[in-house]
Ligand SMILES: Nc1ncnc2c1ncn2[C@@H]1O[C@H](COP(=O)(O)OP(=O)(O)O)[C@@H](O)[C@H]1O
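One chain comes next, on its own, written as structure tokens: the form predicted alone.
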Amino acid sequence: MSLLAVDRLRLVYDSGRASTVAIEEATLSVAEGEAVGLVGESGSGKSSLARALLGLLPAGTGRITDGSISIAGRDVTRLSRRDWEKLRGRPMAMVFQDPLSSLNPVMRIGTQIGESVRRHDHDADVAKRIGELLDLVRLPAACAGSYPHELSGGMRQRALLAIALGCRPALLVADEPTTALDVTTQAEILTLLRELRGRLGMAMLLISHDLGVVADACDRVVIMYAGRTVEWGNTADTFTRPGHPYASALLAAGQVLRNAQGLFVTIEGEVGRAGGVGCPFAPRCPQVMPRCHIEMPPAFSAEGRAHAARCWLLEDQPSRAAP
């Protein structure tokens, strides 16, 4: 059974008299014990989707207008703020991108971990659990008495992980958890996440713009562009045989090799906006067709097992049934 299922979600932000579409028909799922990567350029809607999944949209500004979110089989699309507070943390917890702004600067790390434990495990020996969680994320016991500013970036990220794990989540949503870290520390955090998943049987939704990180850590990948999920499938299939031109462009831009002109490959143009007519990638696509500007394609089966993309280029392939 899917721990998380998002079906054709539409999200808008209201600002004065205007409304801006942030997510349009986004669809994804995460099964028990599975690691799924959510990738795309900045502005593609990844973080907005993550906040919607945990009921963290700005009050009075962000609202879901269509589609649904189900967690462990329960439709949570329109829960009240009080009901979200009961659900958040368990079965689903989140680790944010910037640990320094996520941690309370005037509370010691042990106090913040203990707060998570008390809320979700009323019968626990809190002091003992704090020690266990610090050990689980490979932090010295002395860190319990430290303030966030006294720790390095990697240690703060581990402290955030300990707080999230104190909730005993079945699914961890990690929003760019290694972006602000150096390469060595990034590798350590990714190794730690992999080990924690194996030890705890925990599923993970990893949000990132780093394709190398996703390729190393995730079983499946979902690619977003302008608020839409445009391609999804097994990570190896999707990265070796991309079906959507945007996925191909992302992979090319992620290479460290330079082109014939001695320049790194880039995707020309600006990220499209959600909510328009036709395929949002059409203005930047090197293989664009007239119909791309007027009609959003459905999901077609791409080459590879359980691999699909929303692109008219796949319409004439022998197998059209999308997974």
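Residue numbers here begin at 1 and follow the sequence given. Keep in mind it's a predicted model, so treat the numbers as computed, not measured.
We do not show the form predicted together with the named molecule, though everything after this point is about it.
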| property | result |
| --- | --- |
| Which of 285-293, 28-36, 51-59, 65-73 sits within 4.5 Å of the named molecule in the predicted complex, heavy atom basis | 51-59 |
| Single option in Cys311, Ala308, Leu9, Ala22 placed near the named molecule in the predicted complex, where near means a heavy atom within 4.5 Å | Ala22 |
| Proximity of Gly278 to the named molecule in the predicted complex, heavy atoms at 4.5 Å | no |
| Non-hydrogen atom contact Pro297 with the named molecule in the predicted complex at 4.5 angstroms | no |
| Stretch 22-46: residues contacting the named molecule in the predicted complex, 4.5 Å heavy atom cut-off | Ala22, Glu41, Ser42, Gly43, Ser44, Gly45, Lys46 |
